[in-house]
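Only one chain comes next, encoded as structure tokens, the form predicted alone.
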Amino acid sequence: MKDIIEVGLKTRKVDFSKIKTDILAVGLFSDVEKLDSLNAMLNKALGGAIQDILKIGDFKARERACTIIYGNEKVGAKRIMLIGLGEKGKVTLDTIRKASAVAAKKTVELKAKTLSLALHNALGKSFDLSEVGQACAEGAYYGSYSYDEFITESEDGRLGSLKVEIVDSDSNKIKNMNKGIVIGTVIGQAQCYSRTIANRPGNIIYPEKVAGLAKELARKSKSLTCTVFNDKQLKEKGMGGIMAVGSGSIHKPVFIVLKHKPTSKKANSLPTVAIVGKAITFDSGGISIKPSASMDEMKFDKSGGIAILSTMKAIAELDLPLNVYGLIPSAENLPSGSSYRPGDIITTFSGKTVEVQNTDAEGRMILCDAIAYAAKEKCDIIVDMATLTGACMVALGKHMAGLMGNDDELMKQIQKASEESGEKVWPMPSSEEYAEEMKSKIADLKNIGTRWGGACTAAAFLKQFVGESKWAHLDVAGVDLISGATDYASEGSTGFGVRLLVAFLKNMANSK
């Protein structure tokens, strides 16, 4: 396998009229006729080229629109990349994040070696520069990413690395942005890591390999420890849900427990949060086998668990002052003579019994054991993330994750993190009406409800295992992958959840 493109990011004080770079990216609003000072200077040096292209109408500065103007002897940059920011009154940090991603993606496509971002100049004093720096860094990593580990020959001859710099002529602005750039770099790298692992196929990534990645993270970190329960230990602990789902595969299931204990503060006085992720490394549906069409995409059924792994990587590097459990139940759901069957009754880690009515409702079977483990460890807050139901995609499409939970304040905190991170969520119910549908006549629970409200009944099932903890559930089916490339992202895994969870945990740490 070859390496994913390496991105180096830094800040630099520059004279914009003399800057040496392959591409200088600047932002423009669609509803502002007067150019900001940077664009006005560039326009003059380019003989009015920016005003001309706007006047002709070839570039309308709609959000994420992009065009190139080539430099001359009066401009140090080889190319000026104009990035549309849309209407000025509607600009958010996510606008800047995606604009940076557009610039990075286009730079990679052009095989340019250096990208200088000056998008912030169009904003004036509208945003905190530290937050702008973080958004630019996250966007640069996101847009430059492309999964091509297994392409042995490539006609496009993409470069092995990209140098990105955030530039300004004012050293104070650079200093303020740099605070956020440090954080954005950590998060951006973690999200790219998540995308790479999620993109890898089932013959490369299976439960034991996920466990190996977790152990590797812990070895490299001062704040992380890792414990992996193998199939024998799972049986001893009575984790029947995880064992059942993984029973049909030669790759045995595991339960990964990563713990972050901050080095910067005494941990015993801090709250404990569990983040839990479903890592089904390949989901055939088991005995209740899926249709063959698009089954290759079931390698992405590990996305929730991999996002947890990557979030733990990020919070360890940021050394957030929180106690955090990263809990990842991992299995491969395949049909065989040893698979669990429809009609089986499984005793879970909590002691509750579950009647299996469909082996393709496997995510909740492994999550219920992990959530019950978090409750037993007396975690104050539990947040789980999973590509859990197609029903959530039917409800929300491919633009937002479903958010359910048992505590309004916790859900508001996650919504706030969603606004900051640009990873969108939408609240949905999981009340007792839905829990009633999950009751079995021959066991405590069954693993599917009716065909209606499937995302809500699945969440209501999980709620039965949280105990007294505050709990939130994120159903990320639909937002975990992009089937076709967009103007700011390549196809494949999105790494959804890494930015969201880091923002949530970072806000919690800052409030203590």
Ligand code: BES
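Don't overthink the numbering: it's just position in the shown sequence, from 1. If you're wondering where the values come from, they're calculated on a predicted model, not measured in any experiment.
Keep in mind that the form predicted together with the ligand is missing from the display, and what follows is about it.
In short, of 187-195, 210-218, 125-133, 296-304 it is 296-304 that has heavy atoms within 4.5 Å of the ligand in the predicted bound form. Distance criterion of 4.5 Å from any heavy atom to the ligand in the predicted bound form singles out Arg364 from the list Arg364, Lys313, Arg97, His260. Among Leu474, Ala477, Leu462, Val26, the residue placing a heavy atom within 4.5 Å of the ligand in the predicted bound form is Ala477. In the predicted bound form, the ligand sits within 4.5 Å of a heavy atom of Met393.
Contact check for Asp384: every heavy atom lies farther than 4.5 Å from the ligand in the predicted bound form.
By the criterion of a heavy atom within 4.5 Å, Asp344 is excluded from the residues contacting the ligand in the predicted bound form.
For Asp360, a non-hydrogen atom is located within 4.5 Å of the ligand in the predicted bound form, even though that partner is not displayed. In the predicted bound form, the ligand lies beyond 4.5 angstroms of every heavy atom of every residue of 99-123.
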